[in-house]
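Below you'll find only one chain, the form predicted on its own, shown as structure tokens.
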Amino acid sequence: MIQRPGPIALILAAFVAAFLLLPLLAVVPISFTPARFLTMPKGELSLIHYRDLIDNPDWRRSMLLSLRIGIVSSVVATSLALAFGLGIWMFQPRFAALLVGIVLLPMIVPPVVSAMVLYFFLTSLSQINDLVGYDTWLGVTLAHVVMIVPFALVLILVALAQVDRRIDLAARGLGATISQRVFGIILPNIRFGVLTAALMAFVLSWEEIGVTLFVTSVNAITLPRMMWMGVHDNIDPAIAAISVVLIVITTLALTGRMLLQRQHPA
């Protein structure tokens, strides 16, 4: 029997939700100010800063670049994490815990340390190939993949832990090949875990700024870097407008995932 939360628990949950969300909602009225600096609107509302996002080619380029880097990073990171997780789960190597710990290192190491390591790695790579290296979109993608693979791996390992291993053993006993076991048995059972990992990887890449500041200069200006430059240089109110757009996109993505998971529980 499912126990429903009591009124006190609901009140506490509402208080925590308000504490976390109200600071985010404060940016909504600021995005409608007609002023050329960050301030609350005083009576008059305007869409001028939303129009700037469309008219300004720099904002468009940074959004498209972040979208491209986010999609490629998400696909590559999820594929790598899935291959590694399946290998650990299916073959259970002797040093599995050590191998998982090594892959999860970017989650433990301070971001500034990872950023410095990636900076030296990409500048060295630039001397070999200009397409993949410092201040290129492929270089930024490579750096993002390194940073987000651990998060995707954690979600995939959690999904694999919920799969009954006896099903896989039975398939192996009946003569199923590795590809038949992976694509016919394991992947269908962890499909929502994989989708969640891909969504999480995309969001992490989309909003990543710490490492991006170290590995970019003037050519690969992602959306978070563009926002950082707007805050650092001239406090552009368009930042409030793009923040509202990002909040709406994130809310729609998470709501869609929740509805999909409710209709097709894993």
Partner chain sequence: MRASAPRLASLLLLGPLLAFLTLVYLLPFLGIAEWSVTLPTPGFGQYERLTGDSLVLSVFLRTFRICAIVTVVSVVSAYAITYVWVRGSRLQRSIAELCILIPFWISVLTRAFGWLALLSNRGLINAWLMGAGLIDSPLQLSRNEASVILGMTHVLIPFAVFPLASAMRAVDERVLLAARGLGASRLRIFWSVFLPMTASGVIGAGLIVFVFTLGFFVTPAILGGGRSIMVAELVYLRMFQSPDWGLGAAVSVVLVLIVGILMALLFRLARPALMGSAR
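The term rigid core refers to the maximal set of C-alpha atoms that superpose within 1.5 Å between the two forms. Residue numbers count along the first chain shown, from 1. Everything numeric here is computed off the predicted structure, so don't read it as measured data.
A second form of this protein, the form predicted in complex with the partner chain, is not displayed here; the remarks below concern that form.
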- Note on the structure: In contact with the partner chain in the model of the complex (heavy atoms, 4.5 Å), from 163-171, 67-75, 187-195, 111-119, is stretch 111-119
- Query: Though only this chain appears here, would Phe32 touch the partner chain in the model of the complex if you measure heavy atom gaps against 4.5 Å?
  - Reply: no
- Is there any non-hydrogen atom of Ile54 lying within 4.5 Å of the partner chain in the model of the complex? no
- Do Val154 and the partner chain come within 4.5 Å of each other in the model of the complex, heavy atoms counted? no
- Message: At 4.5 Å between heavy atoms, is Trp228 in contact with the partner chain in the model of the complex?
- Response: yes
- Note on the structure: Applying a 4.5 angstroms cut-off on non-hydrogen atoms, the residues of 65-83 near the partner chain in the model of the complex are Leu80, Ala81, Ala83
- Message: Once you overlay the rigid core, does the Cα of Leu24 travel 2 Å or further between the shown form and the other one?
- Response: no
